[in-house]
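Take a look at this single chain, the form predicted alone, given in C-alpha coordinates.
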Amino acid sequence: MKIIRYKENPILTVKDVPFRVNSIFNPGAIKYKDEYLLLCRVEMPNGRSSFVVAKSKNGFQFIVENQPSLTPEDHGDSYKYVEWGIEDPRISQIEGDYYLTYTGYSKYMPVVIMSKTKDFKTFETFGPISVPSNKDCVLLPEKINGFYWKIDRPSAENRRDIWISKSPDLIHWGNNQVLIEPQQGTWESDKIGISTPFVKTKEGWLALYHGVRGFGISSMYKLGAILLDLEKPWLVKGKTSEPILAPEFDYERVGDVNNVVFSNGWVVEKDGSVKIYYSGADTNVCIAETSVNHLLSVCK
(Lines give C-alpha, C1' and ligand atoms only; values in the text may rest on other atoms or scores of the structure.)
Protein backbone atom coordinates (compact mmCIF):
# COMPACT_ATOMS: atom_id res chain seq x y z
CA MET A 1 0.00 0.00 0.00
CA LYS A 2 1.34 3.41 -0.94
CA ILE A 3 -0.17 6.64 0.43
CA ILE A 4 -3.95 6.79 -0.07
CA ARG A 5 -6.00 9.79 0.99
CA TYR A 6 -9.37 9.07 2.57
CA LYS A 7 -12.04 9.85 0.01
CA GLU A 8 -14.17 11.79 2.52
CA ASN A 9 -11.37 14.21 3.53
CA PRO A 10 -11.42 16.41 5.48
CA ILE A 11 -12.87 14.43 8.40
CA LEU A 12 -13.05 17.39 10.80
CA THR A 13 -13.60 21.09 10.16
CA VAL A 14 -14.72 24.01 12.26
CA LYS A 15 -18.34 22.93 11.61
CA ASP A 16 -17.76 19.76 13.65
CA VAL A 17 -16.70 21.63 16.81
CA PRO A 18 -19.63 22.19 19.22
CA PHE A 19 -18.21 25.45 20.58
CA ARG A 20 -16.93 28.57 18.87
CA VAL A 21 -13.44 28.27 17.37
CA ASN A 22 -11.61 29.72 14.39
CA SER A 23 -10.17 26.36 13.26
CA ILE A 24 -9.36 22.76 14.24
CA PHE A 25 -6.15 21.07 13.08
CA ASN A 26 -2.84 19.31 13.87
CA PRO A 27 -4.03 16.52 16.19
CA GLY A 28 -2.00 14.09 18.22
CA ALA A 29 -3.41 10.57 17.79
CA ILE A 30 -3.53 7.33 19.75
CA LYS A 31 -5.62 4.23 20.39
CA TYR A 32 -7.18 4.59 23.84
CA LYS A 33 -9.58 2.02 25.38
CA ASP A 34 -10.39 0.51 21.97
CA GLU A 35 -11.21 3.91 20.52
CA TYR A 36 -9.29 6.25 18.28
CA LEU A 37 -8.50 9.44 20.16
CA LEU A 38 -7.37 12.69 18.61
CA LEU A 39 -6.09 15.56 20.73
CA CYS A 40 -6.73 18.41 18.33
CA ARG A 41 -5.45 21.94 18.34
CA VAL A 42 -8.27 24.47 18.23
CA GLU A 43 -7.66 28.14 17.68
CA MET A 44 -10.05 30.01 19.93
CA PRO A 45 -11.82 33.22 18.88
CA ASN A 46 -9.12 35.29 20.60
CA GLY A 47 -6.48 33.73 18.31
CA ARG A 48 -4.83 31.57 21.00
CA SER A 49 -4.88 27.79 20.82
CA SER A 50 -6.03 25.08 23.24
CA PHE A 51 -6.54 21.30 22.87
CA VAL A 52 -9.78 19.33 22.54
CA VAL A 53 -10.42 15.58 22.44
CA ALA A 54 -12.23 13.88 19.54
CA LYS A 55 -13.12 10.17 19.64
CA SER A 56 -14.06 7.53 17.08
CA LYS A 57 -14.93 3.85 17.04
CA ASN A 58 -13.68 3.28 13.48
CA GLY A 59 -10.92 5.88 13.08
CA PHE A 60 -12.77 7.88 10.43
CA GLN A 61 -15.91 9.44 11.93
CA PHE A 62 -15.04 11.49 15.02
CA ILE A 63 -17.11 13.28 17.64
CA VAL A 64 -15.50 16.36 19.17
CA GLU A 65 -16.04 16.94 22.88
CA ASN A 66 -18.04 20.00 23.89
CA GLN A 67 -15.26 21.93 25.61
CA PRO A 68 -11.46 22.19 25.50
CA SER A 69 -9.52 19.48 27.35
CA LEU A 70 -6.34 21.47 28.06
CA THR A 71 -5.92 25.24 27.92
CA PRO A 72 -3.07 27.67 28.62
CA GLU A 73 -4.81 28.61 31.87
CA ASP A 74 -4.43 25.00 33.09
CA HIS A 75 -0.65 25.35 33.29
CA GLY A 76 -0.30 26.92 36.73
CA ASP A 77 3.19 28.26 37.38
CA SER A 78 4.12 27.68 33.72
CA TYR A 79 1.33 29.89 32.39
CA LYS A 80 3.71 32.69 31.43
CA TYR A 81 5.36 30.33 28.90
CA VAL A 82 2.05 29.34 27.25
CA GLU A 83 0.10 32.58 27.57
CA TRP A 84 -0.22 32.97 23.80
CA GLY A 85 -1.36 29.38 23.26
CA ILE A 86 -0.45 25.68 23.23
CA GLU A 87 0.06 24.03 19.85
CA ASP A 88 0.57 20.77 17.98
CA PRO A 89 0.56 17.96 20.58
CA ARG A 90 2.40 14.68 20.08
CA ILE A 91 1.33 11.71 22.25
CA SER A 92 3.71 8.99 23.46
CA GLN A 93 2.68 6.11 25.72
CA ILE A 94 5.47 5.32 28.20
CA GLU A 95 5.14 2.83 31.07
CA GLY A 96 1.35 3.11 31.33
CA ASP A 97 1.12 6.90 31.09
CA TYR A 98 0.46 9.15 28.12
CA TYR A 99 2.96 11.97 27.68
CA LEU A 100 2.11 15.01 25.59
CA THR A 101 4.87 17.15 24.15
CA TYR A 102 3.79 20.39 22.50
CA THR A 103 4.71 23.98 21.80
CA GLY A 104 4.03 26.71 24.32
CA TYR A 105 3.94 30.23 22.90
CA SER A 106 4.49 33.47 24.77
CA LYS A 107 6.65 36.58 24.65
CA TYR A 108 9.52 34.24 25.59
CA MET A 109 9.36 32.53 22.16
CA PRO A 110 8.32 28.89 21.51
CA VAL A 111 9.36 26.27 24.06
CA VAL A 112 8.59 22.57 24.50
CA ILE A 113 6.03 21.85 27.23
CA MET A 114 5.25 18.36 28.57
CA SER A 115 2.11 17.03 30.25
CA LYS A 116 1.18 13.60 31.57
CA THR A 117 -2.27 11.98 31.69
CA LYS A 118 -3.91 8.62 32.18
CA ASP A 119 -7.40 9.51 30.97
CA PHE A 120 -7.15 12.64 28.76
CA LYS A 121 -9.38 14.42 31.27
CA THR A 122 -6.90 15.46 33.94
CA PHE A 123 -3.35 16.49 33.11
CA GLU A 124 -0.19 16.99 35.13
CA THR A 125 1.77 19.72 33.39
CA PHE A 126 5.51 20.23 33.49
CA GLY A 127 7.17 23.54 32.71
CA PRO A 128 9.41 23.97 29.69
CA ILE A 129 11.65 20.97 29.02
CA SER A 130 13.61 23.07 26.52
CA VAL A 131 14.96 26.57 26.26
CA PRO A 132 13.66 28.86 23.51
CA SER A 133 13.40 28.62 20.65
CA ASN A 134 12.31 24.96 20.29
CA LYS A 135 9.35 22.93 19.03
CA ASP A 136 8.33 19.75 17.13
CA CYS A 137 9.21 17.45 20.04
CA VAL A 138 8.53 13.72 20.42
CA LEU A 139 9.60 11.18 23.05
CA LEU A 140 10.68 7.65 22.22
CA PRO A 141 8.13 5.29 23.83
CA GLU A 142 10.61 3.27 25.90
CA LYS A 143 13.94 3.59 27.67
CA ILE A 144 17.05 2.69 25.67
CA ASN A 145 20.31 2.01 27.50
CA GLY A 146 18.64 3.23 30.71
CA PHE A 147 17.63 6.64 29.32
CA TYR A 148 14.58 8.36 27.90
CA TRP A 149 15.12 10.02 24.50
CA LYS A 150 13.73 13.26 23.09
CA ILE A 151 13.83 14.45 19.48
CA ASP A 152 13.08 18.11 18.80
CA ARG A 153 13.84 21.08 16.55
CA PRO A 154 15.74 23.96 18.18
CA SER A 155 16.28 27.12 16.18
CA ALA A 156 19.67 28.80 16.16
CA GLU A 157 20.09 31.87 13.96
CA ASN A 158 19.30 30.45 10.51
CA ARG A 159 19.63 26.75 11.48
CA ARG A 160 16.56 24.49 11.59
CA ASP A 161 17.99 21.03 12.31
CA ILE A 162 16.52 18.07 14.20
CA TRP A 163 18.37 17.17 17.42
CA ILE A 164 18.26 14.26 19.89
CA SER A 165 18.98 14.28 23.62
CA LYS A 166 18.60 11.89 26.56
CA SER A 167 17.35 12.04 30.15
CA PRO A 168 17.29 9.85 33.26
CA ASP A 169 13.90 11.23 34.38
CA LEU A 170 12.13 13.00 31.47
CA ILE A 171 12.90 16.37 33.10
CA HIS A 172 16.67 16.88 32.92
CA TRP A 173 18.02 16.58 29.37
CA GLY A 174 21.56 16.43 28.03
CA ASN A 175 24.01 14.82 25.59
CA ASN A 176 22.48 16.90 22.78
CA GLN A 177 23.40 15.79 19.25
CA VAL A 178 22.37 16.81 15.75
CA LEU A 179 20.26 14.06 14.19
CA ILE A 180 19.45 15.29 10.67
CA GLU A 181 19.63 18.61 8.85
CA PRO A 182 17.75 20.06 5.86
CA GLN A 183 19.05 19.03 2.47
CA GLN A 184 19.85 22.11 0.45
CA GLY A 185 18.22 22.51 -2.94
CA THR A 186 15.44 19.99 -2.21
CA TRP A 187 11.83 19.95 -0.98
CA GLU A 188 13.13 20.29 2.62
CA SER A 189 15.77 22.93 2.10
CA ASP A 190 14.46 25.61 4.49
CA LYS A 191 13.65 23.63 7.64
CA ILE A 192 12.64 20.22 8.94
CA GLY A 193 10.96 18.89 12.07
CA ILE A 194 9.77 15.57 13.45
CA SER A 195 6.05 15.09 12.84
CA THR A 196 4.75 11.89 14.45
CA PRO A 197 5.93 9.91 17.48
CA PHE A 198 8.25 7.02 16.68
CA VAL A 199 7.02 3.43 16.41
CA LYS A 200 9.20 0.37 16.89
CA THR A 201 9.60 -1.82 13.81
CA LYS A 202 11.81 -4.76 12.88
CA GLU A 203 14.09 -2.34 11.00
CA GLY A 204 14.30 0.48 13.56
CA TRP A 205 12.40 3.43 15.02
CA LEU A 206 10.09 4.83 12.34
CA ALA A 207 8.48 8.29 12.23
CA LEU A 208 7.26 10.93 9.83
CA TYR A 209 8.90 14.33 9.56
CA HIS A 210 8.03 17.51 7.71
CA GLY A 211 10.13 19.51 5.32
CA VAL A 212 9.63 23.08 4.18
CA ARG A 213 10.79 24.91 1.09
CA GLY A 214 10.14 28.57 0.40
CA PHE A 215 8.80 29.96 -2.87
CA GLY A 216 8.98 33.73 -3.01
CA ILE A 217 6.92 35.01 -0.08
CA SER A 218 5.27 31.63 0.61
CA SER A 219 6.35 28.15 1.69
CA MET A 220 5.23 24.57 1.08
CA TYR A 221 5.08 21.91 3.81
CA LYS A 222 5.44 18.24 2.84
CA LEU A 223 5.90 14.95 4.71
CA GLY A 224 8.71 12.39 4.61
CA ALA A 225 9.76 9.41 6.75
CA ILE A 226 12.85 8.67 8.83
CA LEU A 227 14.29 5.48 10.38
CA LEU A 228 16.58 5.40 13.45
CA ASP A 229 18.63 2.55 14.87
CA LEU A 230 16.81 0.59 17.60
CA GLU A 231 19.70 0.48 20.08
CA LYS A 232 21.53 3.66 19.02
CA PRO A 233 18.74 6.11 18.19
CA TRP A 234 21.22 8.88 17.41
CA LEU A 235 22.12 6.92 14.25
CA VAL A 236 19.94 7.48 11.18
CA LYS A 237 19.45 4.27 9.21
CA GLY A 238 17.48 5.85 6.40
CA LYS A 239 15.14 8.60 5.29
CA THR A 240 13.04 9.42 2.28
CA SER A 241 14.67 11.37 -0.50
CA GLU A 242 11.27 12.48 -1.83
CA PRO A 243 8.14 13.54 0.07
CA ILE A 244 5.49 10.90 0.67
CA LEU A 245 2.65 13.43 0.95
CA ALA A 246 2.45 16.97 -0.46
CA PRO A 247 -0.29 19.61 -0.86
CA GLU A 248 -2.40 18.66 -3.83
CA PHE A 249 -6.12 19.16 -3.19
CA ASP A 250 -7.95 22.39 -2.42
CA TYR A 251 -8.36 21.45 1.27
CA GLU A 252 -4.54 21.25 1.48
CA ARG A 253 -3.79 24.18 -0.79
CA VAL A 254 -6.12 26.88 0.53
CA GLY A 255 -6.76 27.80 4.15
CA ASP A 256 -5.33 29.73 7.08
CA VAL A 257 -1.81 28.82 5.88
CA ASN A 258 -1.75 27.83 2.21
CA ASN A 259 0.11 24.81 0.78
CA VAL A 260 0.54 22.78 3.96
CA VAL A 261 0.24 19.11 4.86
CA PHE A 262 1.29 18.72 8.47
CA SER A 263 1.03 15.74 10.80
CA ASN A 264 1.85 15.19 14.44
CA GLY A 265 -0.17 12.01 14.98
CA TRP A 266 -0.73 8.57 13.52
CA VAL A 267 -2.09 5.18 14.55
CA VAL A 268 -0.16 2.06 13.55
CA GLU A 269 -2.46 -0.97 13.63
CA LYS A 270 -1.48 -4.49 14.66
CA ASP A 271 -1.61 -5.64 11.03
CA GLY A 272 0.93 -3.00 10.00
CA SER A 273 -1.53 -0.64 8.36
CA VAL A 274 -1.19 3.02 9.24
CA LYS A 275 -3.64 5.89 9.59
CA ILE A 276 -1.85 9.22 9.25
CA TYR A 277 -3.87 12.06 10.75
CA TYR A 278 -2.82 15.31 9.15
CA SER A 279 -4.08 18.80 8.49
CA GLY A 280 -4.47 20.65 5.25
CA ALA A 281 -3.61 24.35 5.16
CA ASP A 282 -3.79 24.62 9.00
CA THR A 283 -7.57 24.47 8.68
CA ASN A 284 -8.90 20.91 9.07
CA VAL A 285 -8.14 17.28 9.97
CA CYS A 286 -7.62 14.65 7.26
CA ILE A 287 -6.55 11.00 6.95
CA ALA A 288 -4.06 9.28 4.66
CA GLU A 289 -3.56 5.51 4.84
CA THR A 290 -0.42 3.50 4.20
CA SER A 291 1.56 0.61 5.70
CA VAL A 292 4.67 0.21 7.81
CA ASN A 293 6.22 -1.93 5.10
CA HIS A 294 5.77 0.80 2.50
CA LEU A 295 7.28 3.45 4.75
CA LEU A 296 10.25 1.22 5.55
CA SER A 297 10.80 0.58 1.84
CA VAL A 298 10.95 4.31 1.00
CA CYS A 299 13.40 4.96 3.84
CA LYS A 300 16.02 2.63 2.39
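Since we're looking at a predicted model, the values are computed, not measured. Residue numbers here begin at 1 and follow the sequence given.
There is another form of the same protein, the form predicted together with a small molecule; it is not shown, and what comes next is about it.
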Q: From the candidate stretches 32-40, 66-74, 253-261, 240-248, select the single one in contact with the small molecule in the predicted bound form, where contact means a heavy atom within 4.5 Å.
A: 253-261
Q: Would you kindly say which of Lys135, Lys166, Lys222, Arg160 lies with a heavy atom within 4.5 Å of the small molecule in the predicted bound form?
A: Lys135
Q: Determine whether any heavy atom of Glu203 comes within 4.5 Å of a heavy atom of the small molecule in the predicted bound form, and answer yes or no.
A: no
Q: Indicate whether the small molecule has at least one heavy atom within 4.5 Å of a heavy atom of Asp152 in the predicted bound form.
A: no
**Q.** 4.5 angstroms heavy atom contact with the small molecule in the predicted bound form for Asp282
**A.** yes
